[in-house]
Structure formats: structure tokens, C-alpha cells
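Before any questions on binding or motion, here is one chain by itself as C-alpha cells, the form predicted on its own.
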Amino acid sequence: MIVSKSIFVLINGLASGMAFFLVAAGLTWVFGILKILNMAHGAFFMIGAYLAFSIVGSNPESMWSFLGAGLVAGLVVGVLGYLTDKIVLTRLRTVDYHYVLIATFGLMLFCEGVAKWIWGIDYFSVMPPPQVDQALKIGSSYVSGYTLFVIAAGLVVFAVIDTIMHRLWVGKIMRAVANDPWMAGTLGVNVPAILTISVIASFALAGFAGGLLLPNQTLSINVGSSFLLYSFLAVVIGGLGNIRGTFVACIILGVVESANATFMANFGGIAVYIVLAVFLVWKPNGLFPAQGST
């Protein structure tokens, strides 16, 4: 019985952790490059979810249509990220971070208002694609195919981002801009373009995550709030701006939350905050203190 519960906790914890990472990846990316904590990140995740829902409805016909809707949502939210950068973030490049927090918080409220105007305040539920809408037996436990899909999606997104940041020249340029934008500009790097690309990538990741995680929760205006909270916790625990640290932190948070819900259901989500407190005392700079997005 204990072994069965442990397997259940581990698999569901990994799924939760990968869901957190799909959202947190864009948040830590933009912080690593621009040093911006984007309070509106959850709102753009929510917009991505609504866009994907508008495309596939409550019952996606196939995995391809489901993934396609997520990609379209990511592209549209990426365009919104470009507009946000040009209209808002570019003007805040050299100001105190308090103004950035206020501006992105206002942007979050604006996005929620627009979403209410377009989609209303009703709640929607979306089924997983038929290919993953089934239970699989692992040991003595039954696991949803969609749960395994979320785990795989998180691993693939992490592998792609890590490869970009550590293997490709564009990632090295981004890290150089994050560490010393003045020197990078002196060496001929188009710093404003790199910053804009980073913002677009961050927003596109949020929109894509919104599409992929549609069946993971009830769709509403507030869908991004809980994910944003866990994303902030993961970014703090992993190390501000560090992709690898955020990935590890998301797994820790996911497993802890799953164990809390299974073994200590009467205590709500207290275990997550205990873990946060421990890490703030033990590793106040995070598991992997960032030097750019590394």
C-alpha cells in the first residue's frame, strides 16, 4: 500500500512539477535577461489557454489539433509580448524595479479585464485529446495518459531551452547581454533586439503552456493565479533567472505538493511554504545562483 501510494505521489508530483515548469520557464527566462519580475505572466498564460480553447473547444479531436492550438496560442501571445515590450517594457528599461512591478501588475489587471470582455466569466472544462485520455497501469497504480504527456512536455521544453541557452550561439549572446549589456553592445551585439527577442520568447512560452495545460484545470479568468504563485516560488528556490535551477525547484515543489495532498490532506498546501522557508534560510540565493540565464 505504501509503495503504491509512493508511486502515485511521485508520478503526480512530477506531472505537477512539469506543469509548474511550463509556466515558470518564461518567467525565469525574462528575469534572467532583463531582470524583470513580470507580474502579468500568469495573465498571458490565461490568455493562451483561452485562445487554445477558442480553437479546439471542449473536446480536442486529435493530439495534432491540440498541439497545434497550443502553438498558435504561443505565437499569438508572443506577438502580444512584442507589443508589450514596445509599448511598456522598453520605456522601463532604466527605471527602478518598483515601477516595473507596478506596470506589470497594471498590465495583469488590464489583461483580465479584456479576457472578461471577450470570453466572459463562465467556467469551462476541456478534455484531453483522445490519444492520452485513458488510464495506464504502472505497477499497482493507475495513471492518466495526460499526466504522462505533461511530464514529457515539460522535459522536452526544458531540453529545448537548455540547449538554446548552453549550446547555441544565440543563447551565449543572450547570457552575455544578461551579464553585461554595455560590453555586449560595445562588441557589436544588438542589445535592444536581444532584449525584445527574450520578451517575445517568454510570452510565447506562457501562451504555449496555457494551451498545453488546458485539460489540467478548469478554465477561468483566475486560471493563471495559482500557476503564477508556484512559478514565483520555483524561480526563488531555483535561483533567479536560472533555467536549470527553476527546473529542479519545480520538481521539488510538485513532489512536495503531491505528498502533502496524499499524506497530509488536512493541512492544505502548508508543506510547500515550509519548503520555501527552508530554502530561504539554507540557500537564500537559490539552488543555482544565476549569472544571466544559465
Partner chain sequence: MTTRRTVLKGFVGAAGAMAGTRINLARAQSGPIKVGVMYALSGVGAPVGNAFWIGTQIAAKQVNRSGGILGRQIELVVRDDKYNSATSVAAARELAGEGINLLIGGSQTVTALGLAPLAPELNAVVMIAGAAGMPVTHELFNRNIFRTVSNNYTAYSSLGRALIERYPQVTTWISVAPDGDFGRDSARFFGDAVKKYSVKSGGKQATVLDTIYAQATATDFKTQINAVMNTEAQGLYLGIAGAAQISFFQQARSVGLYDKIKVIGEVGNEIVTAKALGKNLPKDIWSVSYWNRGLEPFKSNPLSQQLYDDYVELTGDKSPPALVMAGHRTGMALFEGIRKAKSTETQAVIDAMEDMKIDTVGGPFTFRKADHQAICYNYFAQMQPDDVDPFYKVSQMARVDSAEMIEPATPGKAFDPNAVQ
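All figures in this text were calculated on a predicted structure; none of them were measured in a lab. Residue numbers count along the first chain shown, from 1.
The same protein has a further form, the form predicted together with the partner chain, not shown here; the description that follows concerns it.
Asks: Applying a 4.5 Å heavy atom distance criterion, does Val143 contact the partner chain in the predicted complex?
Replies: Yes, Val143 lies within 4.5 Å of the partner chain in the predicted complex.
Asks: In the predicted complex, does Leu83 have a heavy atom within 4.5 Å of the partner chain?
Replies: Answer no; every heavy atom of Leu83 is more than 4.5 Å from the partner chain in the predicted complex.
Asks: Answer yes if any heavy atom of Ser62 is within 4.5 Å of a heavy atom of the partner chain in the predicted complex; otherwise answer no.
Replies: No, no contact at 4.5 Å.
Asks: How about Ala135: is it within 4.5 Å of the partner chain in the predicted complex, going by heavy atoms?
Replies: Yes, Ala135 is a contact residue.
Asks: So which of Val126, Leu195, Ala204, Ile161 gets a non-hydrogen atom within 4.5 Å of the partner chain in the predicted complex?
Replies: Answer to the contact question: Val126.
Asks: Find the only residue in Ile251, Leu67, Ala261, Met39 having a heavy atom within 4.5 Å of the partner chain in the predicted complex.
Replies: Contact check passes for Ala261.
Asks: Just one of 208-216, 163-171, 176-184, 71-79 has heavy atoms within 4.5 Å of the partner chain in the predicted complex; which?
Replies: Only one stretch qualifies here: 208-216.
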